[in-house]
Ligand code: NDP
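Presented as structure tokens, the chain that follows is alone, the form predicted alone.
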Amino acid sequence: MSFKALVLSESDGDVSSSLTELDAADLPQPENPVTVAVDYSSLNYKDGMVLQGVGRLVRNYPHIPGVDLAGTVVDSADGRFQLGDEVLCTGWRVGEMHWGGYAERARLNADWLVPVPKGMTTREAMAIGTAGFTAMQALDALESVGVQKGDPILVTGASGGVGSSAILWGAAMGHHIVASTGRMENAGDLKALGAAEVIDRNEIAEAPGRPLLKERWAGCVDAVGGDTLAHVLAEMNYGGAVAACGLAGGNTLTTTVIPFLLRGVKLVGIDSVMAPYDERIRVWERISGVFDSERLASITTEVALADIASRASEILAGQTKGRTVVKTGA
């Protein structure tokens, strides 16, 4: 059976993409293979890097990108998944080391799949995707180290996928969410998602002039990194915590140990790529308990498979808003 896929090729270091017709025999043969008729994928920051050939995340070409996918099982060598089951995949270096979701078919190791939660469509699962999953991981981590409902939680990069999701989930969980954005024209939209306050990112964009600043935040979901993270660490309340889950503002952190020693601040790293199965199920259950279809739809844009490559530069430049789903199926 033939299917369409967005295939990346490399020539002299330049990466290009083309919509290509492939055969099912072209798909990889992982352990415990499950073949999925892909309905939707999504656009994440890492997808933008892969599509643009940034950071040498992909080492072998030709390659099918797309770190997320959701669809229906059409063939399975694993007893956990039957024909017709709706499944999703995020992480496991799919779309990076392994062929991913920008195709009408994918064949994956069964260990990488989880069921689409009840009451959720495959499209909604991809409107959530890696970004929404990561956001819930971050909020879950903050709660696990003592951040309470009603405490002020700062969300950096609030207009992006992780940020928008963190606002949605955090507000629904009863937290006081403060959104930081470089696009204040989006303030109304962010408040509609559940943000109690919106601040200009310029307030926190520069490295702090002193090791400690006035206490402002009990928690922070940080998708930016760099000087923003350094600034936020200096403003954390005593015993506060930052969940670091992104590097849109840079991967270098220049700070001091003072916030950790004098205020007991905690810096928690969030990894969604290699999260084990049990954690994935638990996080998806938490998401399914708070997600609102209408609000999720309000931050979601849909594009065709043929058009996704053109969006790569936008997400890398921080010009996208909310979540972008990629319709791969017919």
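These numbers were taken from a predicted model, which means no experiment stands behind them. Residue indices: 1-based, along the sequence shown.
Missing here is the form predicted in complex with this ligand; even so, the following discussion is about that form.
*Asks:* This ligand isn't shown here, but in the predicted bound form which of Gly246, Pro208, Pro117, Gly194 has a heavy atom within 4.5 Å of it?
*Replies:* None of the other options qualify; the answer is Gly246.
*Asks:* Only one of His98, Arg201, Arg123, Arg107 gets a heavy atom within 4.5 Å of this ligand in the predicted bound form. Which one?
*Replies:* The residue in contact is Arg201.
*Asks:* Look up in the predicted bound form whether Trp284 has a non-hydrogen atom within 4.5 angstroms of this ligand, and give yes or no.
*Replies:* Answer no; every heavy atom of Trp284 is more than 4.5 Å from this ligand in the predicted bound form.
*Asks:* Check Gly182 for me: does it contact this ligand in the predicted bound form (non-hydrogen atoms, 4.5 angstroms)?
*Replies:* Yes, Gly182 is a contact residue.
*Asks:* Give a yes/no on whether Gly157 approaches this ligand to within 4.5 Å in the predicted bound form, heavy atoms considered.
*Replies:* Answer yes; at least one heavy atom of Gly157 falls within 4.5 Å of this ligand in the predicted bound form.
*Asks:* With a 4.5 Å heavy atom cut-off, would you call Tyr45 a contact of this ligand in the predicted bound form?
*Replies:* Although this ligand is absent here, Tyr45 would touch it in the predicted bound form, with heavy atoms inside 4.5 Å.
*Asks:* Heavy atoms within 4.5 Å of this ligand in the predicted bound form: which stretch among 246-254, 108-116, 144-152, 229-237?
*Replies:* Contact-bearing stretch, as computed: 246-254.
*Asks:* Can you tell me which residues in 72-100 come within 4.5 angstroms of this ligand in the predicted bound form, by heavy atoms?
*Replies:* None of them.
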